[in-house]
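So this first bit is one chain, no partners, the form predicted alone, shown in structure tokens.
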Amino acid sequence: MAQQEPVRAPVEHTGRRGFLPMKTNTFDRVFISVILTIAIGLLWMRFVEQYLPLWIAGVVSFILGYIILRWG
């Protein structure tokens, strides 16, 4: 009877360290970007929208999301 090898995942998710204070994988960085986008949008509507339009918050969120995904 042949002995079977243990089942292994085809891809290992090891994570990486960027400027965020923890090891993250791609999903973690996307999740943090989405939460940050929601927070910026809500804070912008509460405090800044009377001075600057909301689409600027979208641009700021997009830039921060890119930075987090790239170097986070």
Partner chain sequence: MRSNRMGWRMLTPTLVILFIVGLLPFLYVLWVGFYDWNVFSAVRGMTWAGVNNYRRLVFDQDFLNSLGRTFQFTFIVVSVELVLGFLLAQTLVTPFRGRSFFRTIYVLPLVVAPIAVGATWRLLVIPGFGPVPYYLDRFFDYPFRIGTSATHAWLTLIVMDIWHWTPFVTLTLLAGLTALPKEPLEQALVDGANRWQVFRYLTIPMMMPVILTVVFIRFMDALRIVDEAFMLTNGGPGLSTRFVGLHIYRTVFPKTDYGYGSAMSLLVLYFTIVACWLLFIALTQVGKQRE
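Positions refer to the first chain, counted from 1. Small disclaimer: the values here were computed from a predicted structure and weren't measured.
What follows is about the form predicted in complex with its partner chain, which we do not show.
Contact test in the predicted complex: residue 59 vs its partner chain, heavy atoms, 4.5 Å: Answer no; every heavy atom of residue 59 is more than 4.5 Å from its partner chain in the predicted complex.
is_contact(residue 63, its partner chain) in the predicted complex, heavy atom dist at most 4.5 Å: Taking the distances in the predicted complex, the answer for residue 63 is no, it never comes within 4.5 Å of its partner chain.
is_contact(residue 38, its partner chain) in the predicted complex, heavy atom dist at most 4.5 Å: Close contact exists here: in the predicted complex, residue 38 approaches its partner chain to within 4.5 Å, heavy atoms only.
Its partner chain contact in the predicted complex: residue 45, any heavy atom under 4.5 Å: Yes.
Contact set, 49-63 vs its partner chain in the predicted complex - heavy atom within 4.5 angstroms: Sequence-ordered list: 49, 54.
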